[in-house]
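As a starting point, one isolated chain is supplied in structure tokens, in the form predicted alone.
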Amino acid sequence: MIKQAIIPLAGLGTRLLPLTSVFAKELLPINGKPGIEYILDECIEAGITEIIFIISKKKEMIKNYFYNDKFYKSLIKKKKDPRIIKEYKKILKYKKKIKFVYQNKPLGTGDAVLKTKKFIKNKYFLMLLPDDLIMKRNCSKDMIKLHNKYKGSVMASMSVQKNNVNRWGIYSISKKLNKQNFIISNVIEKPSTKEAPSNNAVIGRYILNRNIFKILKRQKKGKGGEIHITDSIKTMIDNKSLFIGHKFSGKYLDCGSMSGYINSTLEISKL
């Protein structure tokens, strides 16, 4: 059973400057709700019982958001406002499920994942990237069902425009399982248009085998001088580990850029 999830949150969010010069991007409101809470709700609905946040000292605002009991208790004592009480209870529900680890040097997603090694108890775990919201259908829940059927790793996928492949990890497909799912034969981190084996991109949902920690420990820095989770996944695929690509059915929203962030509020307000 997959009961643990990790969420890398140590990035500086430079694409959302100047907002992120003073505020953690994951706490920015999207249609009146902090972006990270959409990810948390997806995890909880999918049956996840423990969520590990990877933050940095510069992002301690995120930890403070969930540990602001004194503020809430003082306010509730004065006002007894039902809305504030409801918000506090929601925060307490989240807090029970969250642990924090630190990645103080920006060495890439692979390095962030490695920081969680001592906390992962089971053979497989879920990873979600907070810039990628998937609305209207729980992608994590669908991926866990797929994992339970095939007993392998699973990654979310969608088709992207050929001229945008250098923004993503891109798959090669060896075999289709059905309309929505396929076996992955290779994955390349941010290829050029010429290098890209397809336009099937990795989107920020992964079910990973904990064996990836052994590979990450030896992983050399890749593009941009960072340790990329995609490079370790490629090594696992080369070593015959089963990786399934899942074309999710929900509505994808990219919250990592200013235009995407603004659009996400507009789109969620229509749901």
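Just so we're clear, the structure is a prediction, and the values are computed from it rather than from any experiment. All residue numbers are counted from 1 along the displayed sequence.
Another form exists, predicted in complex with 1-O-phosphono-alpha-D-glucopyranose; not displayed. Remarks below refer to it.
Colleague: Flag R167 as yes or no: does it have a non-hydrogen atom within 4.5 angstroms of any non-hydrogen atom of 1-O-phosphono-alpha-D-glucopyranose in the predicted bound form?
Modeller: It does: once 1-O-phosphono-alpha-D-glucopyranose is placed as it appears in the predicted bound form, R167 has a heavy atom within 4.5 Å of it.
Colleague: Answer yes if any heavy atom of G204 is within 4.5 Å of a heavy atom of 1-O-phosphono-alpha-D-glucopyranose in the predicted bound form; otherwise answer no.
Modeller: Yes, contact at 4.5 Å.
Colleague: Taking heavy atoms only, is D132 within 4.5 angstroms of 1-O-phosphono-alpha-D-glucopyranose in the predicted bound form?
Modeller: Judged by the heavy-atom cut-off of 4.5 Å, D132 is in contact with 1-O-phosphono-alpha-D-glucopyranose in the predicted bound form.
Colleague: Residue-level contact is defined here as any heavy atom of the residue lying within 4.5 Å of 1-O-phosphono-alpha-D-glucopyranose in the predicted bound form; does T230 satisfy this criterion?
Modeller: Contact check for T230: yes, within 4.5 Å of 1-O-phosphono-alpha-D-glucopyranose in the predicted bound form.
Colleague: Give me the residue from K115, K190, K97, H147 that has a heavy atom within 4.5 Å of 1-O-phosphono-alpha-D-glucopyranose in the predicted bound form.
Modeller: In short, K190.
Colleague: Of these, 204 to 212, 44 to 52, 61 to 69, 239 to 247, which stretch puts a heavy atom within 4.5 angstroms of 1-O-phosphono-alpha-D-glucopyranose in the predicted bound form?
Modeller: Heavy atoms within 4.5 Å of 1-O-phosphono-alpha-D-glucopyranose in the predicted bound form occur in 204 to 212.
Colleague: Could you list which residues of 1 to 35 come within 4.5 Å of 1-O-phosphono-alpha-D-glucopyranose in the predicted bound form, counting heavy atoms only?
Modeller: Read in sequence order, the lone residue that approaches 1-O-phosphono-alpha-D-glucopyranose (within 4.5 Å, in the predicted bound form) is R15.
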